[in-house]
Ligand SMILES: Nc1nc2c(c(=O)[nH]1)N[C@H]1C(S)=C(S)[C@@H](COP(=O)(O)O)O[C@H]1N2
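Only one chain is shown below, in structure tokens, and it's the form predicted on its own.
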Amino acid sequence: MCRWRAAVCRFGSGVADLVAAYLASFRSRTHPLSVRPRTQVVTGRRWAAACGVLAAAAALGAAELVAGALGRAGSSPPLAVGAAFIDLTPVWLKDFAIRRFGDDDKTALLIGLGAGITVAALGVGLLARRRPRWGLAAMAAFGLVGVTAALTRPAAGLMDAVPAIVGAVAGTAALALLIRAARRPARSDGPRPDKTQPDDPQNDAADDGRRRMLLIGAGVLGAAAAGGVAGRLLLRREDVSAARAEVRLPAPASPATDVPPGAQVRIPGMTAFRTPNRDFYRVDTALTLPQVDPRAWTLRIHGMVDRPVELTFEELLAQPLAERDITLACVSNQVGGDLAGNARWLGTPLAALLRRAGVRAGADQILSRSADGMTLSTPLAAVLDGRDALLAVGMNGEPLPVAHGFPARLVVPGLYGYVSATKWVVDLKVTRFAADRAYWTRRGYAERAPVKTFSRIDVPKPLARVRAGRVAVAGTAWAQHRGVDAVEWQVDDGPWRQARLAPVPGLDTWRQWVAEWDATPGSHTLRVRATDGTGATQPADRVPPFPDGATGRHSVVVTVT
């Protein structure tokens, strides 16, 4: 690592000297960068705009290379700026992105960010065509944005600013070089040459200039691509896939209850009772997945406790582990949405760890922190009331996928994920809501967020066309830690009818339901509502997810032919 840092410093110093020389040359009356009567622009706006894009590519390539050399993926300027954008995004826009793009919301953000960088780079190139100094200053300003974004990340250190600084220097140097290539000495007297005369020396000079521009542009692009690829390859050193593959999960001391026959409704198109890991929803703010080596992982439990606890991953696996089927749901889930999933989790009971630490009187919150600095707050009472709150290490019979929190995460049934499901968890602080506020509660979300009673129609799909006669209507309902006692469905404005409920292994999983409908030709609206174990029935009025989860009854329109 020291060798890489020394190389980065030498590279940065050399590029800085080059840029300094170019900037100093603006004071010279004869340097090609100086916009004097002795020079002229030889290309139009297209080349100028391309210069801006090539310079931005050089900046990003250099920054990616340095981020890879330092092993700091999150300090890559696009990722740092993207993460800062997420933090500054208003709640309504976050909900729109999740509703519109689902698990692809981060991909959409990065595409949008790339488009924004491209547009800005085009503008810088056009600006530099007539105002070289302004163009160079604009390129440096973009570097400052990257530095600011990197240093404002929750777990940032001074080294996180280095990729953006080196990228800004490299981009500025590349832009200066491209500007120089785009200018040539101008004739001071005499008539303009006849461009049809191939032997004219000035035409030859123009051709040579264009070739020089293309060669320099190709060189800058090649260096940018090489830097980006090398940076990505270097970051693979941080990948923990191999370490994850070596983990052998012990058998649970408390196995899960068998899933009863019939828990899965056997109808084409029906949701799986147990969600495969690859299909399990993912909603978080991490643009790049934290790579946490289990050999270096520790969990710290501190705050309002008598005996602070620190666990290694090996010590965690040595604890008595429990296996439970638990459904998780996201607070951003809309009525009828699919931001919920059911899995078999393996982990140590969280309450046992807290009792080992000795929780002090007056505490009412667990403030958990992930490896990337994200903080979530969990009501302490929900962990200590006897429910199966876990510090999970396994999911559906294998170590947690990296995307779902490897090596360890929290799973607390009955609460929305933003207060119960910290991934890549490394720190648990026992505290009070009055003293500490987590990421989402600082943004107006509710401190205590029990999952609301929810149901949806999975079959038939919205706008489906079905044949008249006997039609299966089926779906899923959940009310974790309270259970679902009844599901009713309705056709148009007709009477509510009882659906048949599938058996479940416990109160903390979702429950499937099915009914048969004698469908008649025409357009029909199907609705559903569930009643939980406390006797509460889903309300009819729809409420958006913010600040504590959506409510309302799901409906689909189908056409019967």
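Note that the coordinates shown come from a computational prediction; the quantities given were computed from them, not determined experimentally. Start at 1 with the first residue shown and count on from there.
Below, we turn to the form predicted in complex with this ligand, even though it does not appear here.
Chemist: Let me test this: is every residue among R456, V491 and S555 within 4.5 Å of this ligand in the predicted bound form, going by heavy atom positions?
Modeler: Contact check failed for every one of R456, V491 and S555.
Chemist: If you check Q264, T89, Q291, T285 against this ligand in the predicted bound form, which one has a heavy atom within 4.5 Å?
Modeler: Answer to the contact question: T285.
Chemist: Considering A164, A170, M139, L328, which brings a non-hydrogen atom within 4.5 Å of this ligand in the predicted bound form?
Modeler: Residue within 4.5 Å of the partner: L328.
Chemist: With the partner left out here, check for me: in the predicted bound form, does some heavy atom of G231 sit within 4.5 Å of this ligand?
Modeler: No, G231 sits far enough from this ligand in the predicted bound form that none of its heavy atoms falls within 4.5 Å.
Chemist: Quick check on N342: any heavy atom within 4.5 Å of this ligand in the predicted bound form?
Modeler: Residue-level check for N342: no, no contact with this ligand.
Chemist: When the contact criterion is heavy atoms within 4.5 Å, does Y418 count as touching this ligand in the predicted bound form?
Modeler: Y418: contacts this ligand in the predicted bound form.
Chemist: A449 near this ligand in the predicted bound form, any heavy atom under 4.5 Å?
Modeler: Output for A449 is no: heavy atoms all beyond 4.5 Å of this ligand.
Chemist: Which of these stretches, 116-124, 212-220, 139-147, 419-427, has heavy atoms within 4.5 Å of this ligand in the predicted bound form?
Modeler: Among the candidates, contact is made by 419-427.
Chemist: So which residues in 352-383, when you check this ligand in the predicted bound form, have a heavy atom no farther than 4.5 Å from it?
Modeler: The stretch 352-383, when checked against this ligand in the predicted bound form, contributes S370, D372, M374, L376 at the 4.5 Å heavy-atom cut-off.
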